[in-house]
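Let's start with one chain on its own, the form predicted on its own, as structure tokens.
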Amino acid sequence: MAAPSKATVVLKAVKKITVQFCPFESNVRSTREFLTLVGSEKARATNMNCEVIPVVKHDKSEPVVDITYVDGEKLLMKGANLTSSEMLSAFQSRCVAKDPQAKVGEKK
């Protein structure tokens, strides 16, 4: 996996994450790795009310991660040209901005 395994994913500020991809395309690796990180039990334990929804399609569609935060803001990442590290970095920077306590938790 290309993403850092030590990265702590905190879903406190997140309401819903929808990860959509076609598994037969060659550009979905980073999107699947991101799904693995946010769908892990450790990450899910940080917010039991957060929905992580994988949508597997067979229509040659572009891999997309759609994140809805508790304040209603949305983040849409098109994973075809992003690495899982870039996706995780963008996701975590938004989470830290919305939940200052998450930054304190990362340092521990």
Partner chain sequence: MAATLCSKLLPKHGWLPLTQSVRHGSKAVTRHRKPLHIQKQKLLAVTQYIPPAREFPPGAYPSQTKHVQEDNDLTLLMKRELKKLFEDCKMIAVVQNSSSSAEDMMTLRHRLYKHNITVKFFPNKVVRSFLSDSIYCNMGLLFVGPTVMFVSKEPKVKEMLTTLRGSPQMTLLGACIDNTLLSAQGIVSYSKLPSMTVIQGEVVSGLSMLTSHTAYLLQRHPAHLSQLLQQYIKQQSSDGSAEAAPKAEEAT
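Residue numbers count along the first chain shown, from 1. Bear in mind the structure is a predicted one, so any value in this text is a computation, not a measurement.
If you look for the form predicted together with its partner chain, you will not find it shown, but the lines that follow are about it.
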| property | result |
| --- | --- |
| Option touching its partner chain, based on a heavy atom within 4.5 Å in the predicted bound form, out of Thr68, Asn47, Thr36, Ser61 | Thr36 |
| Residues Gly72, Lys78 and Glu86 all lining its partner chain in the predicted bound form, heavy atom within 4.5 Å | no |
| Within 48 to 66, the residues that have a heavy atom no more than 4.5 Å from its partner chain in the predicted bound form | Pro54, Val56, Lys57, His58 |
